[in-house]
Every structure is written in C-alpha cells, then in structure tokens.
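In the block that follows, a single chain appears as structure tokens, in the form predicted alone.
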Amino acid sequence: MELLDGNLELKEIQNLQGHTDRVWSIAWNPATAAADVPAVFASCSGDKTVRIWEASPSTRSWDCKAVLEETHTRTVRSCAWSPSGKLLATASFDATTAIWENVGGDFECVSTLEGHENEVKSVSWNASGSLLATCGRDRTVWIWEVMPGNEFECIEVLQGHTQDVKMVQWHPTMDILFSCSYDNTVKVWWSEDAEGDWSCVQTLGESSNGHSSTIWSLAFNAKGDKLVTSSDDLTLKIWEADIVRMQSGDGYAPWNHLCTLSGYHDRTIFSVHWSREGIIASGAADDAIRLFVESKDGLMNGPSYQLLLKKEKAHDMDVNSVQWFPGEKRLLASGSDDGAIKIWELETLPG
C-alpha cells in the first residue's frame, strides 16, 4: 500500500440532512459491501430516530429510505448490523436495545432487550452473529445469545468497570469482547470454552501504557492483530497481540502497547475506525477528521504510524462517528453534533 507516496484528498461527496439533533453513530450494512449491491448504512441520533440510507446506483447519491421511530423514547446512541445484514440493533438512553428486521423493505422492531438500569451506550455483534453485547451507564456489559425466532437471552452480565461503559466491540474473528470506559480502561472479556463463564482476562490501563482519561472508542484492523483506541486524553493508541496463538487454541495472548499518536487533535477524540486496507480515521470535538497509516520507515524500532491527511472543519461541530465503507471503495461516513452526515471519498489526485 503506497498511500504515503500519493497526493490524496478526502473529498466530500454528499451532505445528508434529516436528523433534527446530533448524529451519534453510523453503521454500514456489511451485506451491501459487494460491488453489485447498493450500499446501505444506518444512522442514529439524539432525535430518538434511526435513519436508513441507500446509495442510488445511477446517481451515486444517498437517499433516506426509512425512518425508524416511535420505538425509542430517548436518544439512540449506537447502531450495529448483524453480519448477515438482516438485523439492526439500536441502543438507547431509554435503557433498551431494539432489534429491527428488514421485512420486504419495511423495518419492523422484532425484539426489545431490557435489563440495563439506565442509558445503553453501545451495541455490537460477534463475527458469527450468534452473540450480541451491550453496555451502559450502569457500568455493566451484557452478553446476549441470539436464539431462534428473534429471541435474545442474556447469558452474562460482566462487572468490573468502575464508571460508565462507553463502547463494546467484538474482535473481528474470535469471540473476545472489548469494552472501554469513563474509568480510563479497556477491558478484555473471554470465555475459555463455549459453555464456560466469561471473565476479564486483561485490563489496558494507565499502568500498562494506557490512556489517562475516558476512552471513547476502539477499532480493529482487518486481520485482528491490532487494536486502536481513542480518548479524552487527546491521543490514539495502537495495541497488538499474537492472535495466531489464540486462534490455535493455545490460550489467551495479551495485548501490548505498540505506539501512541499524540498532537493531532486538540479536543476529545470521540471515534476511531480502521479501514480494510489499513487506514485509521479519527473524528474529534475539534470538528476535524484525521487519517493515519502505518509508516514503513524505522522498522528497527517496531511499526510506527504517521498522519496521512487532515480535514479541518469536516463538520460545523463535534465529529461523533467515523466509519469506513466495508467494500472496495474508499468511502468514509461521518456524523456530527451539527446533525449532518457526510460521505467522503479518499481520492488520489493527479500529479
């Protein structure tokens, strides 16, 4: 990947209006990543709604195809598609997580998950779509088993965080769950066998080169051997683990701090996401988006990452979510406190 050699521009393709409050989260439907299928993503907002957007193949513009409303009674904070793209989970400050199914083009709420004491902050599906995780202000992480007939059974309530849990994210290839919190830590949850209990096998805290303030988001590279975290301490941190060892059934392999990216944002970094070809995007309260790639220089000291591109004033207000399209195209979607969603394309300029 010779991205660093090229002259790149993050070009705004479309500014999507519709939400009447801040946009908290964006999720691309993974089943729409193929070249011959119109791309679809969901967005959720402080306006209590979820919007489904679809690309028009002819005009290359995105249109709102559905508004999911009158289900959540407060802010919808997080949304996530199942790996098959058939179900959409939405987590809300009303203490529930709703499961939506696309039935012939109409989205129906087919299940409501209750149990958190108050605001649910994040929702994530595992790689096979058999498990769902949620987390919230009540400091807990819940694991739900997906049962036949759109039933969801809570199989574990994980306690260990001492503050509001901001985000949950499953590893892209293994059933290992990660959560990050207002308590400045990332916790790694793992079950040694299918029937076993889940437990916290590692805490990435300040003593292990971790963050010194709230961790807002985390994301994995495509291979799953690296993790990036973003924080209120204005840094991004890269972590790595020997996942081959774990995949071979040789027990848990710990995550180790690889490097810290600092000095690029001057306000809280709310969102981070890793593209399939290795580009890290970050969105922050300084209204900016930054892109980073691994630098091939200085491998003597291990991998390092460098700024690829910066987009000042990407939005008029805080950038809450950045999400790369999972398909071939270098598309990035961003959502902001300004209520807008923007679609960007990373283009190589002639020169």
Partner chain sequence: MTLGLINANPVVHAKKERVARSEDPHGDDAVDPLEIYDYVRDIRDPEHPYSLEQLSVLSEESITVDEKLGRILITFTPTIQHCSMATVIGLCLRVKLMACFPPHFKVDIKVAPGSHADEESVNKQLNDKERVAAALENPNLRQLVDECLYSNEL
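As the structure is a prediction and not an experimental result, all values here were calculated from the model. Numbering follows the first chain given and starts at 1.
Below, we turn to the form predicted together with the partner chain, even though it does not appear here.
Visitor: Is residue 291 a contact residue for the partner chain in the model of the complex, using a 4.5 Å heavy atom cut-off?
Guide: No, residue 291 sits far enough from the partner chain in the model of the complex that none of its heavy atoms falls within 4.5 Å.
Visitor: At the 4.5 Å heavy atom threshold, is residue 285 in contact with the partner chain in the model of the complex?
Guide: Within the cut-off, so yes.
Visitor: Given that the partner is absent here, does residue 34 sit within 4.5 Å of the partner chain in the model of the complex, heavy atoms only?
Guide: Residue-level check for residue 34: no, no contact with the partner chain.
Visitor: If we define contact as a non-hydrogen atom of the residue within 4.5 angstroms of the partner, is residue 307 a contact of the partner chain in the model of the complex?
Guide: Although the partner chain is absent here, residue 307 would stay clear of it in the model of the complex, with no heavy atoms inside 4.5 Å.
Visitor: Want to guess which of 75-83, 124-132, 217-225, 140-148 is within 4.5 Å of the partner chain in the model of the complex, heavy atoms only?
Guide: Of the options given, it is 75-83.
Visitor: Run the contact test on 41, 277 and 325 with a 4.5 Å heavy atom cut-off to the partner chain in the model of the complex and return yes or no.
Guide: The answer is no; none of 41, 277 and 325 reaches the partner chain.
Visitor: Going by heavy atom distances of 4.5 angstroms or less, which of 199, 248, 213, 159 would be at the interface with the partner chain in the model of the complex?
Guide: Exactly one listed residue reaches within 4.5 Å, namely 213.
Visitor: State the residue from 107, 93, 190, 264 whose non-hydrogen atoms include one within 4.5 Å of the partner chain in the model of the complex.
Guide: Filtering the options by heavy-atom distance leaves 93.
Visitor: For 312-334: residues with a non-hydrogen atom within 4.5 angstroms of the partner chain in the model of the complex?
Guide: Those in contact are 316, 317, 318, 320.
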